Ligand SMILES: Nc1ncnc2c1ncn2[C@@H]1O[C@H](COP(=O)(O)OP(=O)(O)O)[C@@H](O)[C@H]1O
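Quick setup: one chain, the form predicted on its own, written in structure tokens, and binding and motion questions come after.
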């Protein structure tokens, strides 16, 4: 604040100094006396200007660094809020929109409350100083100059409100365009395979056209506002020149005083224009901030952490009791209805059924991605809703049909599964890879475990990704392993290697495997058959095959026929 006052004060000295220089030059003194006065005054002005430059440097540097820190903290806060949300939140919100809020909106808000605030305060100070000096020099001229302020103020109010609204719409539209681009670029292989480049280009262009249309409305509003304020300023200058000329003609003001007044009027006009810019940018920042605070204030329905943390290690008994569940986006379409299922500690339970029967949903509910509408899920006799979600998930490992690998090294992807990846040793990574049947192919790579897997693991084959995912799942030695159709998308050789790895890592653990290929679950301790959200049959492979018209037997027979 002190630096701002100093730099603004020095700026206000400029018109006064110029007026004094003009009067010194036109004063009828001896030539040597005039030069002496002029030299001393210019040296004094130079010293004042150096002080002003130093103060301005400090002001700009402090505000710029403060702005960067505010944007950093804001992005951390928003990302922290996003990452703590429950899975239902990500079902409803698009990735591209969230990324746009993290990048663009935070920059707009950060600039609005740092550099914009600084410039606004500077404009206030200079406008107040300029008008004060104008009143000091000529109250009559000041009254003439201030006639434009009321209409400009009213226009600014309407413009600011409109800009706040249009900015929010522009950012929403830009988020939609970002979402389209992010999704298409992430699935470029699919786009290329189906020769849909032109279609996707047109889809993105449509979204960008929406952004352009809204931006043109914003541009129209800006052009009307600034042309109107510019015209008002020019009318003020003409009025001051005309009335000031009359005052000079009557010897009520000197040429130096009129020059100073004009410069003060110009500074005041520029500062008032700066205030309108400050107001409009502030409204723009408010429009963007509403979207950010909406994210920050959103509370997850399923807590990120907090709850009971048992002192005894998890053994692995799982019970689904009277479970009924519908996805939040489809509450009128129950996926699971009054389901009961018990999985004893240290056993393998295979869950099979037709598409949409609720197999994968059971895994999501056990991981507490969602809470059921009724019923409960217990592990070791404890309701999972009473447990700390982080503690619960830290005792489970999951391998899905399409494992998501991160764009980093193989070693980093495996260590990611540990409770604290930074503490994982190279030996632990290699042992996990060995148990997952991944060590042999990893060591064939020139860079070994330092090999980069590419975005979403695109540099690896399907079987290789699955084995890395298995290594990642077991590196923390979980009590419960979850396999969600882990072999359904693999060729015969890859399936054999992955199945061999699964047989090795499941020993001594509770395992729930969602199976598509029914031939792969013959060794399961029990098989639960889901139909219409309920367990319709349960037993061993042999027991279920012995039921003449059983659902499981029909599924196996159908797969056997399809295989031929």
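Computed from a predicted structure; not experimentally measured. Numbering follows the first chain given and starts at 1.
FYI, the form predicted together with this ligand isn't displayed, but the following is about it.
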Triplet 77, 299 and 303 all within 4.5 Å of this ligand in the predicted bound form via a heavy atom: no
What is the one choice in 136, 243, 162, 327 with a heavy atom within 4.5 Å of this ligand in the predicted bound form? 327
Interface check vs this ligand in the predicted bound form: of 279, 225, 370, 267, the one with a heavy atom inside 4.5 Å is 370
Exercise: residue 427 in contact with this ligand in the predicted bound form, heavy atom 4.5 Å: no
Indicate whether residue 359 is a 4.5 Å heavy atom neighbour of this ligand in the predicted bound form. yes
How about residue 335: is it within 4.5 Å of this ligand in the predicted bound form, going by heavy atoms? yes
So in the predicted bound form, is this ligand close enough to residue 91 to count as touching (4.5 Å, heavy atoms)? yes
Which one, 175-183, 151-159, 351-359, 387-395, holds residues whose non-hydrogen atoms are within 4.5 Å of this ligand in the predicted bound form? 351-359
Heavy atom within 4.5 Å of this ligand in the predicted bound form: which residues of 201-232 qualify? none
